[in-house]
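Listed next as structure tokens is one chain, alone, in the form predicted alone.
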Amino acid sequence: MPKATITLDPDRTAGKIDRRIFNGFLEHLGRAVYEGIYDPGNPLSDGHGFRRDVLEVMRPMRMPYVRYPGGNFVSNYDWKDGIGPADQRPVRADFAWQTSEPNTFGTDEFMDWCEAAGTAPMMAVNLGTGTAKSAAELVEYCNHSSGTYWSDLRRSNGHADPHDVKIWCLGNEMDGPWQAGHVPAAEYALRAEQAGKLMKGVDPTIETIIAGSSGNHMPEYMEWDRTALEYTWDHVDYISAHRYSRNDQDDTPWFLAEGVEIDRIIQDYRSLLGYVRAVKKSSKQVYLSFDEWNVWYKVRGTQHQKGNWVEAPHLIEEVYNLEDALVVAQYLNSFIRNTDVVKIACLAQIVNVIAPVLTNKDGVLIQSIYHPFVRYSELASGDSLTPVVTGPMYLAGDRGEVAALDVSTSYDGSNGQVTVFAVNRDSENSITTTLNVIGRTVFAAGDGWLLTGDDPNAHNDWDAPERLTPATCDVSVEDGVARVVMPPMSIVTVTLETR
């Protein structure tokens, strides 16, 4: 059986893990809102219309923030349509997804849902068809205490206390020709700077995110980002990155090396941020917000993405399998390893639409990608140690030879606890892995957490909702080190007690 060693040094860290890498994303798209988190009249919903069963499975995800209301939706959305008495709100045609938007769920309902879910709001403003003035008015509505038109309107709408929204996205994917109000990078930079200045004028405590490239497949990737970042550098806090991973060729070894590409994208942004900081001769830091990421390819195309102008159609309800879960874990590993630059990340999305959770009128279905997200979010805290991994390689198709193990780790210096998060990308071989902590002795370890299976396409469905569920695995401790056997196509987490 192949062998590997993961060596960790408590003095070799990438920095503190930012809990905001475990954020979510909710867009007015398909059944994400209506029939997803919000389903008035359903016996499973509470007095606000919020699905109680959805709230129950959201809470273990421990999402510090949820991004809202889009996404492509936001670029033609007037937030003023979604406030006030619900029966007086207009029904609008949604440009992005060709659906009918009733606006019965809007800003205030979202804030109430966040409180119920134990998360906080991360808002996006419309810089496609919207204006800087409207964006600043939304900040006033959400964050100003009282005594102004918009803050007093919020109070009259039943929310005396400010919503206190701290993180704001300045538009969404404005480099994409599919986006309402799409403009060249220089024009977007003007819009973003104007809006950001007005918004921070209303509330200087907020943080803002400019829209970077929609993905590294875009023709202006990095050039768009450089143009926007250079112009807005002095007034912005983050730049966004988006990626949706795909396995169109049904090539499991190639797909399971997706972490290589995720690392490359983060390195691209690390280099860009350093370059612009040097050009600007600036002492400030701007960080990366990876605020849309997931696997998405099985339900793409017009038939899956256009709603024929009905309300809450079934759109892009991806079914997630074992190999998708392994890719999701690699996103999280990369965010943890690069915690010095990645401060925010949002799983896109959270319910029904490319989501870890599906609903029907009678309950919820947990998908494969839910499990690694919950486990990592539960355990990853403290310092991100930089792992040194020695071990086997495997052939990953066109990606060539790739390390079989993808690893991140966290360390709590107050009690010496180390948690290792590891993916065995090899679809054929188990790997006996030794875990060694320099300068410390491993004296105990609980059972390991394991998600694995023989079929990369295995998935949960309504007939077999527990086909893919976590199990435990043995972790041995001897002579101050730990050992665990990682099966092929597996995610393993191990928590070590050291002294």
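In case it trips you up, residue 1 is the first one in the sequence shown, and so on. Here the structure is a predicted model, which means the values were calculated and not measured.
Unshown form predicted in complex with a small molecule; subsequent notes refer to it.
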item: Within 4.5 Å of the small molecule in the predicted bound form, all of Glu27, Trp296 and Ile354 (non-hydrogen atom); value: yes
item: Proximity to the small molecule in the predicted bound form (heavy atom, within 4.5 Å), stretch among 237-245, 336-344, 355-363, 76-84; value: 237-245
item: Non-hydrogen atom contact Glu173 with the small molecule in the predicted bound form at 4.5 angstroms; value: yes
item: Any non-hydrogen atom of Thr252 within 4.5 angstroms of the small molecule in the predicted bound form; value: no
item: The small molecule contact at Phe95 in the predicted bound form, heavy atom, 4.5 Å; value: no
item: Gln349 within 4.5 Å of the small molecule in the predicted bound form, heavy atoms; value: yes
item: Listed residue (Glu292, Glu323, Asp426, Glu258) with a non-hydrogen atom within 4.5 angstroms of the small molecule in the predicted bound form; value: Glu292
item: Residue (of Ser384, Asn103, Gln367, Asn72) lying close to the small molecule in the predicted bound form, criterion heavy atoms within 4.5 Å; value: Asn72
